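Presented below, as structure tokens, is a lone chain in the form predicted on its own.
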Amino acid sequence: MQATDWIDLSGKVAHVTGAGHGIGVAIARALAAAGAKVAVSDVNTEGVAETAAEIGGLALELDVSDRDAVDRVMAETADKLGSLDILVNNAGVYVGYGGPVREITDEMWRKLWSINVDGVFYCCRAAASLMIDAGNGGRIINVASTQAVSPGVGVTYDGSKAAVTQITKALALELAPHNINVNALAPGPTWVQPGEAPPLGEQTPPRSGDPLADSVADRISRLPLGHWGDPMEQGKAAVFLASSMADFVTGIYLPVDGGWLVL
């Protein structure tokens, strides 16, 4: 056996949600580079089509908050690509759904949770059902965040990612008898703006008086590894969790954060 065999995903089928931009694109690229056949989905149909064209994958339109659409698209993945062995729940939102608690409307709260939490549950349920019926085991990777344990964005987003982390642990216990490993990937500060250099040091945002925003600015300026993460750092970690290197790994919360959580 060669060490490269440990990360070889040849013959595996993966589905990555939220793969029309940012971290989702990088995860799809990384899984494809490791040999997997990859289906990618997003509400951003143009972006997901570009991702699929780049990696030779299958592009699917999906709003993860629509449970019927989730069931249909996960079944379509298995039907068109032959199976569903790896699910990466990456779809999520936060911009426009946060802010001071007094300014968060019921609609903002419910919309974010419908995507970040309901969507993860719907996708896990659909994928786990397919994996159990197939009897070949599988991998579920839920993209959480360092904000699940270190608040910074706001109660809507931070709370939703904490929920994703606990969903992961509960499903890891439930699905272990079916040889389905369930883990959470927790990105730290990851720069997803193409063509723009990430700010660091003196370029970090000035203190605003907002405790959450100021704590984030402070930590970014003191990151132990000294720079923002590249989306492919998350892609590499996803390959690890999807590969045979992680055969004995389930129920973990894996920060990929440049040292953010040790500050």
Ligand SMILES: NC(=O)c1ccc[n+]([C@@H]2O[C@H](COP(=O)([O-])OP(=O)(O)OC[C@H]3O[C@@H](n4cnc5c(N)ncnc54)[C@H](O)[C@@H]3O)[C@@H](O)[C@H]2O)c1
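Because the structure is a prediction, the values reported are computed rather than measured. For every residue, the number given is its place in the sequence shown, counted from 1.
Keep in mind the form predicted together with the named molecule is missing from the figure; the text below concerns it.
In the model of the complex, at least one heavy atom of A144 sits within 4.5 Å of a heavy atom of the named molecule. Within this chain, A34 is remote from the site of the named molecule in the model of the complex, having no heavy atom within 4.5 Å. Taking non-hydrogen atoms only, A69 never approaches the named molecule to within 4.5 angstroms in the model of the complex. Proximity of W109 to the named molecule in the model of the complex: non-hydrogen atoms within 4.5 Å are absent; the residue sits far from the partner. The contact with the named molecule in the model of the complex, taken as any heavy atom within 4.5 Å, belongs to V43 out of I55, V43, M232, V216. Of the candidates L171, A184, I86, A91, A91 is the one whose heavy atoms come within 4.5 Å of the named molecule in the model of the complex; the others do not.
Contact annotation for the candidate site: H21, K161 and P189 all lie close to the named molecule in the model of the complex (heavy atom within 4.5 Å).
Only one listed stretch (129 to 137, 77 to 85, 91 to 99, 175 to 183) carries heavy atoms within 4.5 Å of the named molecule in the model of the complex, and that stretch is 91 to 99.
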